[in-house]
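Just the one chain here, laid out as structure tokens, in the form predicted on its own.
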Amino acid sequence: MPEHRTSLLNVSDLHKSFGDVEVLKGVSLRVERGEIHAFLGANGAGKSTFLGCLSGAEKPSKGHILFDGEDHTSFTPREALSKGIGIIYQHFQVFEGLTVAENIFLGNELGNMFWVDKRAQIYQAGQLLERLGVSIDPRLLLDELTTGERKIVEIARALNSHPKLLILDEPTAALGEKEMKALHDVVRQVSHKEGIGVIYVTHLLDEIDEIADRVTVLRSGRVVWTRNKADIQPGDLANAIAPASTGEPLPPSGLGLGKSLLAELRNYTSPFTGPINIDVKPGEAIGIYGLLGSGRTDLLESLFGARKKIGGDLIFKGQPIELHSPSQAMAHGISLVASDRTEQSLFGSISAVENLLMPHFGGRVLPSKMRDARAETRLFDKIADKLSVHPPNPDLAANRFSGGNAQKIVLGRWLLDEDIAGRLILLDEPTQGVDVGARAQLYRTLRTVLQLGASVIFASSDPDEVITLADRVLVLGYGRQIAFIDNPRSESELVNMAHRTASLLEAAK
């Protein structure tokens, strides 16, 4: 990191209210040129609103933004971009069906109003990617890239507009360990070697030591503290983000509630994964662990009827069942919380209460064909209280909730039925993009669900999460069952097993 820098961004006393609700309560932040400044906070702390004020998506109610020597009270998105502020959101803003070069120059094509100079775009895109130290062919379709490579293409597109400040919102949320390290190298190149200021938002506390120069923690719309990375002690981050949630022991799982098995997979094969042979007991949490591309999502979506089963048997409550659709799975008592909330789970433009109740209209929870607003609000209030949804507003559009609170609404769909004993809940990356406080709340809720007699199969790329929640763990590698183990002793045991197996399978190709 350069030793001598001048301040690029100085935000002072920034406020933002939505109606009577004050979300930002006097936030001040300084970012220097060539600095990677990590920005952390619990879901609902106001991070997204603050970033929106910087990018022009939101207009502050009060305060000043001094950027590159110019004083502003607000930006429009076009003004922010023209001044040199680029933002890359957690969810991809690149498009399949276009090449890497076409994505990089999208909206800023080379040529004139009658034609696009594709050859020049390919050449300049290649120069830009080489500048980032990555080897990605700009002629490839985006469809051919890994998740991590797609994120790097987004960074390249942002750099093509010559930003002075780059905002990265949860850039590694869906990446594996190897892709995360590659992205970190690119961010260091952009910041430390090219002098671009970076605001780096993450919920992964282990990332801070790897990537950050300084750290700011936001809580309830206010800055708790800003510190140099070297001055942060173990436990400081978790305590600053969510002091009430740290150190609380989880209740025991419900393992042993029944002698008969709830589910069995016998030589079960989905399009990419298998054969799988495991059993699931009532009240048990089964973790699925493996590197990116190991087949975790493929297996869960097949068990939910969203992907076709290729072979073998799913035995549920003692009977073989065939699932050809998610509706059939739900009728049997099997539900899925997908990893990509935006694309697969959440209807962003409709209200939180309608999102929560979506699967239940005309069913056991809401049997009447007539809508009852009071009854629906009571159900929302019940889940909002149980899962600490913030804000507890049933009429707020789902896309106005932070990632963690949106995840609580999606999970809450399957907790409305009072009689959840004998249900199988499938969770794909249940805490992806969720802060440490909301994560602890979700863990406690899942343990309560297990004690009530439901069973959980969850896939996670976080070995600590697997160790914390799982009674037994299925380890996958390139779609194959590597092991099915009781009470894994440590994170390193899982990580080493997955990496060693992945290396052997890759070498055997």
Partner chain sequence: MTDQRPAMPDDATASAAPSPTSPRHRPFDWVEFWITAALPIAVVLLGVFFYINVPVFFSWRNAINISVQIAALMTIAVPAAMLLMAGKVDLSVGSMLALCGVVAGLSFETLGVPGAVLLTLAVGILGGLINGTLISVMGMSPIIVTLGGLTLMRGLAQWLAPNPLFGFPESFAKLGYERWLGIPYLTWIMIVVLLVGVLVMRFLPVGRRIIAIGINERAAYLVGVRVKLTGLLLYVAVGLATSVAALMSIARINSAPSGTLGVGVELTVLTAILLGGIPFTGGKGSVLRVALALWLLGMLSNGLILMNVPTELSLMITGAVLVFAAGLDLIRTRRAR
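This structure is a prediction, so every number in the text was calculated from the model and none was measured. Residue numbers count along the first chain shown, from 1.
Unshown form predicted together with its partner chain; subsequent notes refer to it.
- Answer yes if any heavy atom of residue 89 is within 4.5 Å of a heavy atom of its partner chain in the model of the complex; otherwise answer no. The answer is no: residue 89 has no heavy atom within 4.5 Å of its partner chain.
- Message: Within 4.5 Å, heavy atoms only: does residue 184 come near its partner chain in the model of the complex?
- Response: Residue-level check for residue 184: no, no contact with its partner chain.
- Message: Is it the case that residue 304, even though its partner is missing from this view, gets within 4.5 Å of its partner chain in the model of the complex, heavy atoms only?
- Response: Result yes; residue 304 sits at the interface with its partner chain in the model of the complex.
- Applying a 4.5 Å heavy atom distance criterion, does residue 370 contact its partner chain in the model of the complex? It does: once its partner chain is placed as it appears in the model of the complex, residue 370 has a heavy atom within 4.5 Å of it.
- its partner chain in the model of the complex: contacting segment from 350-358, 281-289, 262-270, 101-109, heavy atom within 4.5 Å: In short, 350-358.
- Go through 97, 234, 362, 318 and name the one with a heavy atom inside 4.5 Å of its partner chain in the model of the complex. Result of the distance check: 362.
- Proximity to its partner chain in the model of the complex, single hit among 188, 227, 413, 423 (heavy atom within 4.5 Å): After the contact test, the surviving option is 413.
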